[in-house]
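Provided below as structure tokens are two forms of one protein chain, presented individually as structure 1 and structure 2.
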Structure 1
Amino acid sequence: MSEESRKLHSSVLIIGAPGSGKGTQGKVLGTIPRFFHCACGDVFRSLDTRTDLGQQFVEFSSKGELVPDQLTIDLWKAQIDNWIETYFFKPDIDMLILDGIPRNVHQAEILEDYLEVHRVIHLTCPDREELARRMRKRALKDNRYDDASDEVIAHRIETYDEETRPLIEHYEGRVSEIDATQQPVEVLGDVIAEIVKLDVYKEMAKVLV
């Protein structure tokens, strides 16, 4: 392996419309040893809203829009570096499970400097009404103000279709389609089945720590 590629983080991306269950699946995977979950939305939500960056997040997310790319990548990179420095994320042995980033092709291109994407898990849910129902439920349960109004929900789905969905074509050949309308435990079973098939996973599994 070259010096350059050694620095790339082995990763699996979870892509899907808002409400498709990315966070639910990512969170569970992140509890398994040697998997590290990073949800970009959670990184944003952890910001102090009194800061300039926190305010920008509120401004964009409350409209159902994406935060500008460079700002997003800079914040994500700072958080990843912080997790590495504090030994939460161990890039030499952990598989990075990314949910919510990249959110468009431009972000994917920037991330090529940092990531080796081994697989893209596409959680599919063609029923837009079901996605909206899940978001309304989440708004109540998790205090997600960006999921609170029907107008913002509709705009979040539009933003996904216009900006994020093209990633499926961008990563063609590395994408596994998984039916997100199944029970969460069944979706998880399918996601894990895809990951354990990967050569990089088999190599990882040989390393004793």
Structure 2
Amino acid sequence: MSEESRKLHSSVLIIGAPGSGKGTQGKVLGTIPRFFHCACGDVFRSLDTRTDLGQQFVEFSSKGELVPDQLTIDLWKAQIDNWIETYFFKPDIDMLILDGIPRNVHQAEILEDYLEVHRVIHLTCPDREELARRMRKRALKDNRYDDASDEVIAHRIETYDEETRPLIEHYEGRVSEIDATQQPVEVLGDVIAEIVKLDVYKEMAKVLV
């Protein structure tokens, strides 16, 4: 492995339409040693709003506007560096599991300076009615009643199709399709099976800690 490659964080990206279960799978993977789950929401939640980057984030979020791609990646990079400095994330032995970031092809292009995506796990659920049912159920469970409306759900799926789905084509040749309509434990088994056969995972697994 070249010196340049070593600097790039080895990662696996989980993508899927809202309700496909990517957050659930990412969280479970993050509890397994040698996997580090990083969700876009976690980055924003752990943000120090006193910093310059934090202030920029507040400026957009307080108006309900989408955070620009470059700022999103800058925030992500600052948080990843913080996790490395505090030994929370150990990039030499931890496989980075990304969920919700990159959100679009432009973000993916910016991230190429920082990480190498070895595999994209695409959680597929062609039945849009099933996706809507899951999203409605989750919104009610979390007491987010506004998110349970058909209009909000349709908008979220439409946004995914326009913004995030093109990542599948962007990462062509590195995508594994997994049926998200299975039981969560079966989906997890399929996801892990895809990751452990990667050469980079086998190399990282050899490091004794």
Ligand code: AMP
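The shown structure was predicted, so the numbers you read here are calculated from the model rather than taken from an experiment. FYI, numbering is relative to structure 1, first residue = 1. Here the rigid core means the biggest group of C-alpha atoms that line up within 1.5 Å when the two forms are laid on top of each other.
Structure 2 derives from the form predicted alone, whereas structure 1 comes from the other one. Two rigid parts rotate against each other between structures 1 and 2, and the hinge linking them lies at D42 among E112, D42, R133, Q182. Between-form comparison between structures 1 and 2 treats the chain as two rigid units and finds the smaller unit turned 40° relative to the larger, from C-alpha superpositions. When the core is overlaid, the C-alpha of V67 ends up 3.3 Å from its other position between structures 1 and 2.
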